[in-house]
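Shown next as structure tokens: one chain only, the form predicted on its own.
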Amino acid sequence: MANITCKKVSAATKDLLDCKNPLWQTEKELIETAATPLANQPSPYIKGVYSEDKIGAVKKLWMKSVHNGESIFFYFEWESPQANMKIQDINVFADGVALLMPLKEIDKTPITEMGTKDFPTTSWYWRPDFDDKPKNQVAHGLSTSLYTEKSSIAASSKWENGKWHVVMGRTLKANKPGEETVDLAPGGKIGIGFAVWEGSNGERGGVKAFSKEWRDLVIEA
């Protein structure tokens, strides 16, 4: 699949972390998503209640990435009929969006299972009830995702006219690279995947829409 280019821009971190910045409204990349396979769900309840055609309410996710030499940013936009800010009922959960990267060799890291014991993944995970302090997660396969103790990811978000607008950012250089997250650098390249949750559709955890294949994120020098 075609590469995604993270362009270098001359702008301050505080401006790029603003989801209302007009920069985010140009040259967006369309990510088509699919339902997570029902066979991958570890919960017998989920397997008994859900059908695959119910999972994955969000079919299209628009994204864009830029960096300013010090920090990298990812903007996301998707249609959501209502803002689901938190868990409200047994059938309504918080909306969310995440990006996923392999911690080791991409060709040995299955995106559909969020890695394996030996080839884990790291993800940036935003939900509205995280108060724009996204979590950093590490997974070694299905149902193994754990939040790391610390996260240096920041975000801003807004729901307006049936759409979520979210931007997440972090310094290019990581804390604990290789264990909990990855170093990123201008001129470099890394695999990337995406996931999105529609809370009003009962989506949470592994019940979501996701990109089925890794894309290469090329970070402009």
Partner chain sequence: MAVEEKVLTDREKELAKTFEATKDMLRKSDHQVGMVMDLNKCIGCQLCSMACKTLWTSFEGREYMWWNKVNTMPGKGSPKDWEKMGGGYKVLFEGKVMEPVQGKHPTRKEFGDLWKFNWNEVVNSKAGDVHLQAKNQEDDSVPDWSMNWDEDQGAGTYPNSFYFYLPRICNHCSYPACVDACPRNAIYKRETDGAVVIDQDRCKGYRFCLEACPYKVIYFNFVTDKSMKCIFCYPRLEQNVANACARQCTARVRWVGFVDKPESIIYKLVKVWKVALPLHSEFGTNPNVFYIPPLAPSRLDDSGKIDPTKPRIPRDYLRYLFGPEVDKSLEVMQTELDKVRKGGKSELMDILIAREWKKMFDIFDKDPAIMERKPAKAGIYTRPGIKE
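It should be emphasised that the depicted structure is a prediction, and the values quoted were computed from it without experimental measurement. Numbering follows the first chain given and starts at 1.
Absent from the display: the form predicted together with its partner chain. The rest refers to it.
A.B. asks: May I ask you to check whether Ser43 falls inside a 4.5 Å heavy atom distance of its partner chain in the model of the complex?
C.D. replies: Ser43 belongs to the contact set for its partner chain.
A.B. asks: So, Ile87 and its partner chain: in the model of the complex, are they within 4.5 Å at any heavy atom pair?
C.D. replies: It does: once its partner chain is placed as it appears in the model of the complex, Ile87 has a heavy atom within 4.5 Å of it.
A.B. asks: Indicate whether Glu52 is a 4.5 Å heavy atom neighbour of its partner chain in the model of the complex.
C.D. replies: Looking in the model of the complex, residue contacts with its partner chain include Glu52, since a heavy atom lies within 4.5 Å.
A.B. asks: Is there a heavy atom of Leu38 no more than 4.5 Å from a heavy atom of its partner chain in the model of the complex?
C.D. replies: Yes.
A.B. asks: Name the stretch: of 176-184, 43-51, 159-167, 64-72, exactly one has residues whose heavy atoms fall within 4.5 Å of its partner chain in the model of the complex.
C.D. replies: Of the stretches listed, the one contacting the partner is 43-51.
A.B. asks: Quick check on this chain: which one of Lys150, Lys117, Lys108, Lys133 has a heavy atom within 4.5 Å of its partner chain in the model of the complex?
C.D. replies: Filtering the options by heavy-atom distance leaves Lys117.
A.B. asks: Taking Leu16, Thr122 and Thr171 as a possible spot, do all three reach its partner chain in the model of the complex with a heavy atom inside 4.5 Å?
C.D. replies: So, no: the whole triplet misses its partner chain.
A.B. asks: Give, in sequence order, every residue of 197-214 that has a heavy atom within 4.5 Å of its partner chain in the model of the complex, or say none if there are no such residues.
C.D. replies: The stretch 197-214, when checked against its partner chain in the model of the complex, contributes Arg204, Gly205, Val207 at the 4.5 Å heavy-atom cut-off.
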